[in-house]
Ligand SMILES: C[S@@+](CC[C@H](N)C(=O)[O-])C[C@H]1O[C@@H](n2cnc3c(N)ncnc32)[C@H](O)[C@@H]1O
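First, one chain by itself in structure tokens, the form predicted alone.
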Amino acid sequence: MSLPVSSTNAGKELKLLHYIYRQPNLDEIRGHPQKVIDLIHEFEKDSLFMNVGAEKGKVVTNLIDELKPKTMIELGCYVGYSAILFGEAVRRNGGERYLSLELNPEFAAIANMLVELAGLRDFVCIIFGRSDLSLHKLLTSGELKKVELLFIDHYKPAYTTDLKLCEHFGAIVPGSVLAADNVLYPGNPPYLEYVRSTVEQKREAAKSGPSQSYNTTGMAERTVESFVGKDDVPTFDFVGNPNLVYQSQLCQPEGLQTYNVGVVGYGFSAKIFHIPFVKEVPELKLYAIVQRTPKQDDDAEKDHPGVKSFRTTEEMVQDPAIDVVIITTAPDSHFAQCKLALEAGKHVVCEKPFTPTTQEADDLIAIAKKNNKQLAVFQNRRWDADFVTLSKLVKNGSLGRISEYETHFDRHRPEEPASDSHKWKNKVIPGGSAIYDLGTHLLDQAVHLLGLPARVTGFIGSARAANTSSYEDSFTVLLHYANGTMVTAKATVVSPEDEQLRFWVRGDKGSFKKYHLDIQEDQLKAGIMPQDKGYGREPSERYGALTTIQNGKPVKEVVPTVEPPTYTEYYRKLVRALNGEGELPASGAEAREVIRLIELARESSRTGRTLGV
């Protein structure tokens, strides 16, 4: 493993060392871990460091106080902040040693000097080298027989492979505790998928043998290329122990920045797709709901005691305590509602479809910018389990160059709905029709994965024999890409199938075919909530199939659907964006591009022409 130039440049880290060792009262600092920690905090005011920090550090020290491990292991020492903080906690609780593994020799040297100054040199052992090589030596030599408490905060792609190495040598036993940092932001989907997978899922995955490379699915490029070269691979290729079951728990530090949320509308969208997930994110507080006409059996105040109730959006946005407004009303009201909230100084999440027209989208984006507020659109199906699984296969090269990408949202509902079956769905209104309702999801997923196309062809109309309302209930949209890829996005109400096709994606190396829609919506309708066991997990009979060519013949294998971060991840990402720590989960600008594609598809369908984007 070679170190990139950037990772061997320890400029600010050396400045930290000099800052601490040049303190005039150095003798008073020596032997006092907390004084060294305080000096690191002081120095950090003018420079960003990759330390765990006081808030998250408290979560781990509380864990140490509870578990009282004899030996604690840390993957990723950096400059020694956590080694000092946690090492002292382990010693205070009667522990025997603290092992800290660090790849960078300069960081390891700096950490050793700070650990010595803190008076922990005889207790904290900093081991320089690759984490997998160091762990392998500790495990095979017998120096480390079991993991009591493992703090993971090193190279993100190595989280899973290093854990599998520990499993392989039997070091993960009942009672072993893993504390992994930054799994939500910057994010580590492969690690979360692995520790949250069932035994059945891990056994199925293990059949394909050990991976010869790091799984970097869902990780930012800067994360993959940090510390090591982007082409680096694990030293060992162990599959781990698929028979182990982990109990996963999200631990958040105290003192988090919180945001009061106001929801406009109290219908299906608010109750099923927004409120349950807002409640799952500690930084978000359900503060208010706009419900124009509460009923005896449909009253937001009764359903959510303590939440403020308003009759109009105009009233709600005047409440200075509200930080974020979620718009869940009909599409033809989105522009006015979003404009009202943005101009009142609120961040906005708008239900899809964003707006009926590109011009309205552009106007809202400009208003958000003028008022320095965030504008997001609820494209939650980026976190459908089937789409996350497909994305993984595309990004890891299993399918090769994509030739054809089919995405479906088909149902068999050939009879025209009654006119009073829904307040606005199945009605001819601006922003109505299947292309706006379902097409926004299918097109957003395709663009999110493959980028914008070069040309668009649309076929939009009704598949029903009777259609007195002229509602456009079906569509087929072709996205033509400059590299030859063809996307077919399709939804119809006439599809008498036992199993509805969801994805069929073909590349020059493999083909992926998947039936059934993502399970999350059906579970929510059935009363299964995000916090419930099994939520978002698809049964094995609904897994997709990957076909590849091996020795000149097609070979088909079942691909377990990954356990997604669920729609909760949308709101987690929103919080990070509000905190200035990342991009919006789906920005107004991104949603605007989808609306533009819909406009082009409608124009194409009307004129019979393929149009450039």
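If you superpose the two forms and keep the largest set of C-alpha atoms that fall within 1.5 Å, you have the rigid core. Keep in mind the model is a prediction, meaning the values are calculated, not measured. Quick note: we count residues from 1 along the sequence shown, nothing fancier.
Unshown form predicted in complex with the named molecule; subsequent notes refer to it.
Candidate site formed by 273, 326 and 380: none of these residues places a non-hydrogen atom within 4.5 angstroms of the named molecule in the predicted bound form. Across the options 74-82, 516-524, 302-310, 277-285, residues that bring heavy atoms within 4.5 Å of the named molecule in the predicted bound form belong to 74-82. The named molecule in the predicted bound form is approached by residue 51, whose closest heavy atom lies within 4.5 angstroms of it. Proximity of residue 131 to the named molecule in the predicted bound form: non-hydrogen atoms within 4.5 Å are present. In the predicted bound form, at least one heavy atom of residue 107 sits within 4.5 Å of the named molecule.
In the predicted bound form, the named molecule lies farther than 4.5 Å from every heavy atom of residue 351. Among the residues 436, 151, 238, 512, the one placing a heavy atom within 4.5 Å of the named molecule in the predicted bound form is 151. 101 is the sole member of 101, 205, 393, 322 with a non-hydrogen atom within 4.5 Å of the named molecule in the predicted bound form.
After superposing the rigid core, the Cα of residue 565 is displaced by less than 2 Å between this form and the one not shown.
A displacement of less than 2 angstroms separates the C-alpha positions of residue 514 between this form and the one not shown, with the rigid core held in common.
When the rigid core is held fixed, the Cα atom of residue 76 travels 2 angstroms or more between this form and the one not shown.
The Cα-Cα distance between residue 162 and residue 582 is lengthened by 3 Å or more in the predicted bound form relative to the form shown here.
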